[in-house]
Ligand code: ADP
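Presented below, as structure tokens, is a lone chain in the form predicted alone.
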Amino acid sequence: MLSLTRQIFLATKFKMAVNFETDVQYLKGVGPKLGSVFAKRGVYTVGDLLEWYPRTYEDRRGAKTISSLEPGQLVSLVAQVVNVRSMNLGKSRRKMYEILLGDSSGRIACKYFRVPYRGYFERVEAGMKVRVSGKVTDYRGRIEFHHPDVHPHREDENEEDVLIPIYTETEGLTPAKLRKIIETALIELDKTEKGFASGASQETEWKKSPKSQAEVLPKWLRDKYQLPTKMQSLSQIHQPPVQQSDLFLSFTSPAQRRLIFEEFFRLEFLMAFRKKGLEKEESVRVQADEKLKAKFLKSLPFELTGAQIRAYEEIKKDMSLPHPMHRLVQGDVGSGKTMVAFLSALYAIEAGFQAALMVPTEILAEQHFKNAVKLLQPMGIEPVLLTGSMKAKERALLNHRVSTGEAQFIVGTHALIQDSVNYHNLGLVVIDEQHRFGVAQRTQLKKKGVSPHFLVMTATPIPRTLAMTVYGDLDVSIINEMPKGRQPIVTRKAFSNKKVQVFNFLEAQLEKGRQAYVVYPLVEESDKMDLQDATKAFAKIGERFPKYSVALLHGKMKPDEKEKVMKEFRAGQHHILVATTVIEVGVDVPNANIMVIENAERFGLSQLHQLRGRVGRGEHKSFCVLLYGHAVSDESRARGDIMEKTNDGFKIAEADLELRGPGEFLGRRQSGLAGFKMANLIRDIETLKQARDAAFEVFEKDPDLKEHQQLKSLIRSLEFLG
């Protein structure tokens, strides 16, 4: 970006020749004060401003009255404020706000479960004429608005047939003012473009057309997918033609489709670049006659599922290639991913290479190590365990065994990639429960002179739509079958007034010799939320179950404290584990067959499923009880219904994506997804597929991007963003 001093000079010399890099405060009507308001929204340049997309549109065609409204309609109408009030939700401290509106035909409530911004409700008062825009909702037989846009009606307001863009409201900036500033930006950009066309400016820094600066997609690609230019699209979404109202309201207009395509393309292009880069790297070729595999399968007391065999065959094929495998194995809790990992490790070891299994915690590493000893020792393979807490002398001895190749299968934490660890001939690295093995860790291994194959395993089922985006640079294997004989977990939802009965049922399981989890959403009581907290509950549950040992586990404990509690629970020293979501991914405790999740309404669907996966890991029939508090939303009830109906993680993941969207679904994994300003992974799945095909086609046509310099600079910016 040009310095502010340079921009001021150029703005003076060329009468404010605006381009996409121009600081937004230099637009007419903005200035430093409003510029700081924009900055809080992450809007610094004119380009940023034009990418502040409307979240919907207000269709002012046809006058509407309250009595004519029907559920599902997206409408705009003028009405009068009857009153404004707030009220507590049940016994909680959370509040709901309501603006009651009326006209000659009836009344309708506008309800808000959160405050859009400070002072929002102070803008309107009883008797005031307002315009309300939003979707009509049927709530228990009555029509309502939930979180509509309400603003004072102006007498000079345009009442003609028009489509008005609606933006996310921001304190200190009225919607009308924002629309005016965007209109100014579009006009000034057009002036600049015409100035360039006539040769008015020869300043080298401003030579490029603002339109070409905005354009990322090459012309051949736009032509193939029938996409308008970026500037045409930006102009239309901010000033939409009323004749296309239905298309704009459903986000299917050519302009919106173009911008959605580009958002997907940016992410998929980076994925394609990384994937092509991996294919250029050299790696060891792993090939064996599979005698160990036959011996291993014969030793198992069960048969592998078809999905496990299929995943193994895909892995084996990848490892035979001269470039590194980067494959993700997705499988629900209990689907048998570990068996696939052991089979893959055996194949690498039989071919003369070492294999390593890396996990996030020491207790999980110990669990895998014990399983490896049990299953692989009969094959003549002696697994070793390497963790950060080992004493220096013990670690030095293990490092020697690893460096000489005596240790063929190494299980451990991130200690596996420390500088002190040198491998003799590492052929395969398996990463369990880590969603992404980063570039930095891969580089650390390369510095050791090894370029192994990588296998990433996750027990979090991810819908195909997300896998295409988040894991676009990985090949994906899916284990979607459960081993024979595995019992489904019985799940039931109940409200807090049934807690006595729930705990009586839990006690009955303890009397049978079983163990239990009781999960809470918080560690300590919060002033802002009326929720159960784990520390208080720990004391109360201890009083309720005096005959049994109760332990507490939460994320604020020190790592060694957490490890100690989990070891003791697994060993049967504790009967009840009171915990937060720190157990979402944890050890296998076959004797634990019941889980009670307090304030289940505070958990996402995928998280509930992951928590539930801590039980049902043994021979005993298992149960999960979802305990709900007060003021439970329809969405929370829907999550509970889904949990009761299915144990299938992939079905649950699809439902979770629809209910909550990709951002919350992925949490911290969403780096690329966080940049989506218009695209929607559910609504726009077909456009996503096209963008992915287009991204990979670019590299097929031009592997080194010699003919696509604009895209080469795009890679640099995307790699910087992560």
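If you superpose the two forms and keep the largest set of C-alpha atoms that fall within 1.5 Å, you have the rigid core. Model, not experiment: these values are computed from the prediction. The first residue of the sequence shown is number 1, and the count goes up from there.
In what follows, reference is made to the form predicted in complex with ligand ADP, a form of this protein that is not presented.
Comment: ligand ADP is not present in this chain, but in the predicted complex one of 607, 76, 418, 338 has a heavy atom within 4.5 Å of it, namely 338.
In summary, among the residues 254, 483, 572, 559, the only one with a non-hydrogen atom within 4.5 Å of ligand ADP in the predicted complex is 483. The stretch from 401-409, 299-307, 169-177, 184-192 that comes within 4.5 Å of ligand ADP in the predicted complex, counting heavy atoms only, is 299-307. Within this chain, residue 134 is remote from the site of ligand ADP in the predicted complex, having no heavy atom within 4.5 Å.
Ligand ADP is not drawn, but in the predicted complex it has a heavy atom within 4.5 Å of residue 588. Interface membership of residue 332, defined by any non-hydrogen atom within 4.5 Å of ligand ADP in the predicted complex, is confirmed. In the predicted complex, residue 316 stays away from ligand ADP, with no heavy atom inside 4.5 Å.
Along 602-630, a single residue, 617, places a heavy atom within 4.5 Å of ligand ADP in the predicted complex. Core-superposed comparison between this form and the one not shown: the C-alpha position of residue 100 differs by less than 2 Å. When the rigid core is held fixed, the Cα atom of residue 109 travels less than 2 angstroms between this form and the one not shown. Residue displacement note: residue 266 has its CA displaced by under 2 Å between this form and the one not shown (rigid core superposed).
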